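Next up: a single chain in structure tokens, the form predicted alone.
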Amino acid sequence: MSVKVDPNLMKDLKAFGLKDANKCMQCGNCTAVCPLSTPESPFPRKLIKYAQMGLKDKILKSPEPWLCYYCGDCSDTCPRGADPGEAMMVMRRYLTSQYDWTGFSRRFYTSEKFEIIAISIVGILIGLALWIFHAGNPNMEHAYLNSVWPAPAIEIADIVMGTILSILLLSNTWRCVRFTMGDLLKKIPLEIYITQAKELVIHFITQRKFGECTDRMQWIVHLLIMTGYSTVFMLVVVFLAGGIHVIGLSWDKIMFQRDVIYPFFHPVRLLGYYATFAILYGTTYAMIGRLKKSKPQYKNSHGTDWMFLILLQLTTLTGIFIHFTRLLDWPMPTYVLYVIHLMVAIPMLVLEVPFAKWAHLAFRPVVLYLMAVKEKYKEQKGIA
């Protein structure tokens, strides 16, 4: 079987942040210290070798970038300073761009200017739309969002946005599946895919493989950010019909806006408090770490890493401010903050989720699930 070599692969990967991989002499130390590496998946060493040899097709089919959680042990112990942990992070950025058929992801990862401009343009358009299409007689005595932007119109816009977002994310995830599975995709019986589906849920909710890394604090921070965001999403989806007021992100105003404030000990509100705390703590911890460069994974901050954290924290903070202005019944501050809130949150949803670091929340558990499917298939077939 012929092997294709891409002589420009290393140059291409450098555009995604690769710096020191050429220093690697394949000593295998990084693979030896990694608690998640196995004889079947000897990373990071294998992926760095693929990059050095220009084996693009091998990288596209490799699940290993998604098996790595970047605890930093490999970078700390590399005798050549090749920073294999960051190399694996680069591989994830590169694969995300390859899964994306629109080309947006590549532009986001290779041009900070493009990402900032794209998010700014979408934010400005959202602000203009809210200003142009607001109702004629807003309530200036009480903070009543439906008097400015009636819920039915907001709901229609939400459905359109959600549909587009789902199509983009699911189509990119399907490409991830095709690359990862290759010829096995159609050979494996549907029954195995169904029986292993629990792995998809487990890995998405718990990120349990991350818990096997030596730096358990990173797992906790990662879990807080992920579960905080997922909790908000669950509240929106599960309690859609009744409308939701969640302190912090105020996603009731993003998805199916309602002027409802639940009692303090209402389960929805308590979950909202958890989401707010989890996201604020997780993003603040990561931001401080990146500013101080306190850990290997924080020493090489990519522009998309900062954008991910900044947008998420701004969405949370503006949501908190809206919550209090509504409790205080201040109409104008509530309406102004609402516009700012959506100008930050919607660009994050429509651009960052399908094309940048948010997409990792989908790709990683999917790949881990596919690995379980492959193992089960090999077990049944008696393949070593």
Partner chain sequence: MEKKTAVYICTGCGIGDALDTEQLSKVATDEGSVPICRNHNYLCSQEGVEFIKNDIDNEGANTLIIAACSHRVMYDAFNFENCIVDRVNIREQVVWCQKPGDEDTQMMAEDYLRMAMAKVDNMELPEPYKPEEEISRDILVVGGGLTGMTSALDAAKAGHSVVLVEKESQLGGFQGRVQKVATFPYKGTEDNDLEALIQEVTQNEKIKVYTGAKVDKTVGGPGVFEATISQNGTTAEHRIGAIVLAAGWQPYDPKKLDEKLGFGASPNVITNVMFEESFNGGEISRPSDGKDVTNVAFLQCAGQRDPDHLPYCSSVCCVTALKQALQIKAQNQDANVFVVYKEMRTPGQSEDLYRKAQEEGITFIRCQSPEVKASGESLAVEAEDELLGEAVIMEDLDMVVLATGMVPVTAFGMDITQEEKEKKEEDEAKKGEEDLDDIPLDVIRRSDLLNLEYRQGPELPALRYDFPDSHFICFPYESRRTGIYPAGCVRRPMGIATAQEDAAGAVMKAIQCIELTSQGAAVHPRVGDMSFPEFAMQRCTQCKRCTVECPFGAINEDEEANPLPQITRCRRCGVCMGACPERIISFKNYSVQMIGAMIKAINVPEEDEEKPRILVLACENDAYAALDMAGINRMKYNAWIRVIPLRCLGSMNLVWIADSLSKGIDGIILLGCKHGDDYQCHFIKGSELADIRLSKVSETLNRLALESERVRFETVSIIDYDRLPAVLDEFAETIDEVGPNPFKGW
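These numbers were taken from a predicted model, which means no experiment stands behind them. Numbering follows the first chain given and starts at 1.
The same protein also has a form predicted in complex with the partner chain, omitted here; what follows describes it.
Between the options Met53, Leu328, Met332, Ala32, the residue in contact with the partner chain in the model of the complex by a heavy atom within 4.5 angstroms is Met53. Residues within 4.5 angstroms of the partner chain in the model of the complex, judged by any non-hydrogen atom, belong to 22-30 and to none of the other stretches in 345-353, 36-44, 22-30, 64-72.
Contact between Gly382 and the partner chain in the model of the complex is not found at the 4.5 Å heavy atom cutoff. The shortest heavy atom separation between Arg80 and the partner chain in the model of the complex is within 4.5 Å. Looking at Lys357, you'd find every heavy atom of it more than 4.5 angstroms from the partner chain in the model of the complex. Annotation for 172-206: no interface residues with the partner chain in the model of the complex [heavy atom within 4.5 Å].
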